[in-house]
Ligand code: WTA
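Here we start with a single chain on its own, the form predicted on its own, put down as structure tokens.
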Amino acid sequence: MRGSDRIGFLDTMDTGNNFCCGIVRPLTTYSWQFQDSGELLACSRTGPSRKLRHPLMEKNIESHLIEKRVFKPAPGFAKRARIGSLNEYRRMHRESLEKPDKFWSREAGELVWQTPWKTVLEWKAPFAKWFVGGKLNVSENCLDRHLTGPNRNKAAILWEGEPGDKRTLTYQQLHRDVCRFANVLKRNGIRKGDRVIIYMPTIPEAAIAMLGCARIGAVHSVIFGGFSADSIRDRVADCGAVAVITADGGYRRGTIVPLKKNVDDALTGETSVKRVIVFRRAGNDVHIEEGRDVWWHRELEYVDANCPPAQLESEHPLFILYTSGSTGKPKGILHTTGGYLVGIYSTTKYVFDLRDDDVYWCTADVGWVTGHSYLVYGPLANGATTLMYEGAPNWPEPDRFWRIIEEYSVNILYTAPTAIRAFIRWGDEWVKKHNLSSLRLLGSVGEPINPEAWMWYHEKIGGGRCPIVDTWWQTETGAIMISPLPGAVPAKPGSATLPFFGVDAAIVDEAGQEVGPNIGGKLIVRQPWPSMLRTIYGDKERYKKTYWSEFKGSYLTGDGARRDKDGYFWIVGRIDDVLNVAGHRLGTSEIESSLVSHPKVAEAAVVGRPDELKGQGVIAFVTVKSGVEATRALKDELRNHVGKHIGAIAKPDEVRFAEALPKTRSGKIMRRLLKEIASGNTVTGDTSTLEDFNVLAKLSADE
């Protein structure tokens, strides 16, 4: 086998005769034969014919891609930052782990509590209670507390619809609208503890509905507007929702998404839903079922704006947010009031280094946890101005984001790596048309960002002057867990860097032992944190089994990662996406990063395909930059490029060019579909969230 200057193999292969033999059990021997290039020629086994795993299969996840570029905080930025040095970060992080009661009491003390807490944390693994005995209201902390100072007439929400319509809501106006809608909820029989489905476009009324539920103690469950009627039906049944808040339709790529019709289809037959409240957004014709459906605007005629915030226990449920489960049954992740609010308040404040005059834009849909934490609750709890945009980033042209940034003088942009790679593919000329000098901070969320996309983001969008906060977190964690603090922590392209306050993260092997620098393993969290999920709604056993059973007392994130010599975390992808290639456990994100580092590649997705010889073969789906011709020679060039940067073992068995990759409307690549296509199978399962069905049809036709 051959390596390169960027690779180090950590197994015990004897490369002298190109064979590696491993004894699995007595009388059972596996033999692996390699070419000089490092590619596998053959694998044989002698001994009993029972299913046994080769020792190499038990190895840790390998991580070979090395990134040496470091970007220190600019002195001017650090001087003004909330946390301005690495030493200050380390001091605060140490305190948050060693004296969590003191640290979190200080953070929580900046919020409004109707009744002070008695105990910061009660921890009976895996169940946590934060700020026990305290009472508060999230709506009050996002709205009422800003009405007595200068924020009263400050813009709380700046909104732009896809067709170009615009609205501005001050904190005073937003407070009034939330109070009125909270009274609409009460008028329609919705009470504290009731579960309410919200299925809306990214419009101010979605935030108003969330805050209205929080104000009276109803538990909201927001469903992404791209989900199908079946998805709505399943979630209604799982949480026993009594009401649905929706709109007639929403805009996406110039067409109207029929939201109300999807709700009607979901509620056929027996259902727990007694009321459907419909906001008129798109003006499309909808069916109104007498006795069940009411119009939002008409209900407002019967209520006033006087609605005091309910006094809620700190552990009162705030929302249920569903995420996909491996069994096919969605998991209802439950978050509660006090701990979640403290977590998203503090992370928004420190990670984005918020200032009073910032215009902050998180591009996420309200249906995802990013939309909950960093589009609605986090910014509003901090008294910030949050920008909301309803539509697609390339409608009507690929410069929609850049036009919005220029028009509203956006200071902070928080978006996804998939969106960034799409921007690269569309071309720099769309960026150059606009003045982006108002930006002072950039953020990345949703999946690991490959180094070359990080560099493009830094240079083309940030003008080389904006720090980038590459954030790692999950629906389950509620808030950001690993991220650079922009005035304190030097950034490394592709690394989420260091844990946030109160986060005790570690990389462990299969036995739960912490591994050394640059050794891949499973990412866990060893200490409870305020915004953590409390359970899977209605299924405590599944909660314990899924997240807490593998390593006692520690939360299993489901992600593979490594930690470098500086303590920086590098996420290599979901453990389920790790490929077993000839005994090597390779993270797909590193192969994708290598492909995207090629100057002709805009985006790549890597999946595994069953292979009798190697266990799994590496299949790469690649989109090239504008003006680049997809040729057979380029396929070979890309395979060799990966071999040079990672090693021959990671070279794709097949490179498939695609005009676009199948993505959800939130911008995430649907790798499940790519796996089925790569294996030659018919695509099955729910495709209702697919952004563009033509992409899937084209990929399937190109097999």
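Everything quoted here is computed from the prediction, not taken from an experiment. Residue numbers run from 1 along the displayed sequence.
Another form, the form predicted together with this ligand, is not on view; read the next lines as being about it.
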Using 4.5 Å between non-hydrogen atoms, is S549 touching this ligand in the predicted complex? no
Heavy atoms within 4.5 Å of this ligand in the predicted complex: does G217 have any? no
Indicate whether this ligand has at least one heavy atom within 4.5 Å of a heavy atom of D238 in the predicted complex.
-> no
- Task: Look up in the predicted complex whether P126 has a non-hydrogen atom within 4.5 angstroms of this ligand, and give yes or no.
- Result: no
Partner-free chain; cross-checking this ligand in the predicted complex, the single residue of L436, V359, I571, C466 with a heavy atom within 4.5 Å is I571
None of E590, E603, D470, D353 but one has a heavy atom within 4.5 Å of this ligand in the predicted complex; the exception is D470
Only one of 364 to 372, 424 to 432, 280 to 288, 457 to 465 sits within 4.5 Å of this ligand in the predicted complex by heavy atom distance, namely 364 to 372
Taking this ligand in the predicted complex and a 4.5 Å non-hydrogen atom cutoff, the residues of 446 to 480 making contact are G446, E447, P448, D470, T471, W472, W473, Q474, T475, E476
